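The chain that follows stands alone, in the form predicted on its own, written as structure tokens.
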């Protein structure tokens, strides 16, 4: 680029949303909000700039190196939020004595991470968050998973197009204990194993050895990922395992609620963030073409970590980037374009008032109306209307005004019906 020339592209990893992009975004966001409302979640929001001190509570994790960090004019360390959960925890802790638990909160939050971009990953994205705070039963996990499945249904994604892989950090911890790996090393083992499939196993083994595991312990940790069913995991766990019982209860509740066909046990689901304490889950398309659609789990200790009172919690994060790409791939790139409302035009300046009156009446009735702002020839008007997103088009000429009626054309079927313009 020549010196002084302004680029028309957004900053690397950020996004502009032209009208055709907003159609998809609206489809996804509307499904998020409708599913959250249907499940009884209360909406909330927060500032996009967060205290770095809050986010630094998770120092040492991959996300800490991806934070957009800056100082304000008073020298305070601030950051663009990389995710919503720490902010949620701060807000809950601030009013912990006034809130009536459990609370069910939801938001669609804009988040920023400076990371390497790949398919389905941007440095700026929107994320739908569902959190239930103050409930320790597995019903909370079932509720957020049911809402996520409902959102995908509302977007138009077939049930068979994805699977939710479910595991438990508590169960994996029990199995690590049974393998002789001490609890103080569990967190580092989780972080290392979570990288499987992203880096070679030899590098993961080196990370495990650097974390203090000998070759036998590292091999035992790898071996746990070969467990291929909940029954097989239960056979390795201690008798009466609470983690196994919780997973069985979750699958039973999913059966009752009607989405068990989309759940599958997968012990390799770990979730890299260390605040997860129990059941964890990630959803993927069944064809395996995309990154995780959504993910989450139980995080019973996060409020304690930032100074709040001990409070159980379950949360889910559902980004907009991957699911939009998946919807385009499965439904077609034009599926986001929903035709609705009317296009209204007129032939000569003398018909402008009639067009404005009709548009006002239709809008008062709740219709969306794209009103032409100057007179046009019929061919011009219908060409523009057909290329837009209106469902019907009304073009008013001198004879229509004299009659007090015009024809409303369905732009998909080409059928026409009379409409009053009086």
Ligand code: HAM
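Quick caveat: nothing in here was measured; it's all calculated off a predicted structure. Residue numbers count along the first chain shown, from 1.
The discussion below concerns the form predicted together with the named molecule, not included here.
J.: Are any of the heavy atoms in residue 115 no more than 4.5 Å from a heavy atom of the named molecule in the model of the complex?
T.: Close contact exists here: in the model of the complex, residue 115 approaches the named molecule to within 4.5 Å, heavy atoms only.
J.: Is there any non-hydrogen atom of residue 91 lying within 4.5 Å of the named molecule in the model of the complex?
T.: No, residue 91 stays farther than 4.5 Å from the named molecule in the model of the complex.
J.: Any of the heavy atoms of residue 265 lying within 4.5 Å of the named molecule in the model of the complex?
T.: No, residue 265 is distant from the partner.
J.: Does residue 293 make contact with the named molecule in the model of the complex, using a 4.5 Å heavy atom cut-off?
T.: Yes - in the model of the complex, heavy atoms of residue 293 and the named molecule come within 4.5 Å of each other.
J.: Just one of 246 to 254, 116 to 124, 152 to 160, 230 to 238 has heavy atoms within 4.5 Å of the named molecule in the model of the complex; which?
T.: Going by heavy atoms within 4.5 Å, the stretch is 116 to 124.
J.: So which of 315, 278, 336, 312 reaches within 4.5 angstroms of the named molecule in the model of the complex, heavy atom to heavy atom?
T.: Spelling it out, the residue with a heavy atom inside the cut-off is 315.
J.: Looking at 324, 107, 351, 85, which has any heavy atom no more than 4.5 Å from the named molecule in the model of the complex?
T.: Spelling it out, the residue with a heavy atom inside the cut-off is 85.
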